[in-house]
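Single chain ahead, by itself, as structure tokens, in the form predicted alone.
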Amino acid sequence: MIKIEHLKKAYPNVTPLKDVNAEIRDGDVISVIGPSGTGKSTLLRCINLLEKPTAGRILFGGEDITAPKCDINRIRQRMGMVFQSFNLFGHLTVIENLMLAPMDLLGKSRQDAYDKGIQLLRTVGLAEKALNYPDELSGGQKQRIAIARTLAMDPEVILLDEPTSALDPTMVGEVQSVIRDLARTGRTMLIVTHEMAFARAICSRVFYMDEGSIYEDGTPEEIFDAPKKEKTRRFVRRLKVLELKIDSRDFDFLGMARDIALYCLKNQISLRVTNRIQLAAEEMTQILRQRLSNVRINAVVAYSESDEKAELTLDYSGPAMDVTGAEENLSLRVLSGISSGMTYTYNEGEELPNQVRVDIRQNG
């Protein structure tokens, strides 16, 4: 249905979209997630041509909608957009908000537009508000009206940009319920959201955006349970990260212990776990310094807010070298006492192909 090829969007001081490639199939319900500033909303606005891409192209039903002679208004009739801020016309009643576009753009009669509008208001549970004005509604009710207004154009694709972010927490559920029902109708939908549980429950695919592109694309199970890429894993587990680059035998290891202590203090990590992270970093780097002829180590301390677990990951240079059980020594005995497990992987082709992960023991 929609094919995105090498899409780029640049502004004078920032380039949120550097090289986006994706194929969106008919009936896909896609949650678009990722850190702030990674181009999620910009992607939706480019798909709907509210933003003109700097480079690349978007095919909709085989038609290049980024071509200079493309009729943008015709495309927008087939692609509805729901914004964070509702964008209802304050001087019109609820039913008039729903009737306006079908009458003006689709040529529907006033009666047909009214009948369709009432039907949609019943769908979102707000038929009794038909004659009210937007400022008489709650935020959740306004967003439900905005969704109904989008549906009044009977679009093939619906784009929702953070549809619950402007709402009071008590109103989020009512809007999510409407979107969940909408997802069951088989319509193609892209939903930018920061609500991870909602994203997982509603979608058939997930786009995780980072580094100016769709960094990882997969099913909810693949993205939330077994992400292939490190940044995705950090994001879905809400990992707070400290990164340390060790590129010399003269690296300031005392300073490393201080940086870890400050990181743990900032993230309210217990003193016991802090001491174990420091000790794990000290012992593991000691092992690697003894074995590596060229010391190049990228050490990452990660703490998950969701399950309060900490881990230490070390990527290092050289040929395949599993240091977790090559020989019994004091450092490994120390590590086994403060960790709940150690895993080694070798990623051929990477700049630092060796990786050891140490899961820090929480109790005991």
Partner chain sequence: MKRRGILLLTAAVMICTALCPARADYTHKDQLNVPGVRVGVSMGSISETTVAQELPQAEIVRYNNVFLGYADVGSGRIDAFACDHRQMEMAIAGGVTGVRLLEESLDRQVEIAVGLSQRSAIPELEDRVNLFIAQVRADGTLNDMFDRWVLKSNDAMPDIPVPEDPEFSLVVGTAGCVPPYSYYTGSQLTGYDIELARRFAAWLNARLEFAVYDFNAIIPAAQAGKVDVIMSNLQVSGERRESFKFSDTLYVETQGLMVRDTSMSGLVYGSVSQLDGRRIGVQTGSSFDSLITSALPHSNLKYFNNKADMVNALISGKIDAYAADEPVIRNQMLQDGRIGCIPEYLERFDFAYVFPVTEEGQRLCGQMNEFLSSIRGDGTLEALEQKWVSEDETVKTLPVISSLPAPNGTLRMATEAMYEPFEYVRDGQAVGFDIDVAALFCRASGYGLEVVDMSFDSVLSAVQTGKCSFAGAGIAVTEERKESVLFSSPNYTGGVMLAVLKKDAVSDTGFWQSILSSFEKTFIREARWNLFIRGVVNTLLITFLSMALGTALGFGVFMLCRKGNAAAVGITRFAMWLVQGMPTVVLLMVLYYVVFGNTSIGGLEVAVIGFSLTFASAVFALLKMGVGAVDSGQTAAARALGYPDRRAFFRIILPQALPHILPAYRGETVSLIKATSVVGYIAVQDLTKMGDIVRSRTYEAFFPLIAVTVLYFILEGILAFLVSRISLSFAPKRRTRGQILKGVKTDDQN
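Residue numbers count along the first chain shown, from 1. Quantities reported herein were computed from a predicted structural model and do not represent experimental measurements.
The form predicted together with the partner chain is left out here; the points below concern that form.
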Check your understanding: With the partner chain left out of view, which of Arg184, Lys228, Arg291, Arg110 would have a heavy atom within 4.5 Å of it in the predicted bound form?
Key -> Arg110
Study note, to complete from the structure: None of Gln77, Ser165, Ser204, Thr123 but one has a heavy atom within 4.5 Å of the partner chain in the predicted bound form; the exception is Gln77
Review point. Quick check: do Asn48, Ile95 and Ala101 each get a heavy atom within 4.5 Å of the partner chain in the predicted bound form?
Key: yes
Practice item. Give a yes/no on whether His91 approaches the partner chain to within 4.5 Å in the predicted bound form, heavy atoms considered. Key: yes
Check your understanding: Can you check whether Asn87 is within 4.5 Å of the partner chain in the predicted bound form, heavy atom basis?
Key -> yes
Practice item. Consider Gln268 of the chain shown here, and say whether it contacts the partner chain in the predicted bound form, taking contact as heavy atoms within 4.5 Å. Key: no
Check your understanding: Might Thr170 be said to contact the partner chain in the predicted bound form, defining contact as any heavy atom within 4.5 Å?
Key -> no
Practice item. Please name which of the stretches 271 to 279, 256 to 264, 101 to 109, 170 to 178 has residues with heavy atoms lying within 4.5 Å of the partner chain in the predicted bound form. Key: 101 to 109
Review point. Which residues within 129 to 163 place at least one heavy atom within 4.5 Å of the partner chain in the predicted bound form?
Key: Leu131, Tyr133, Asp135, Arg149, Met153
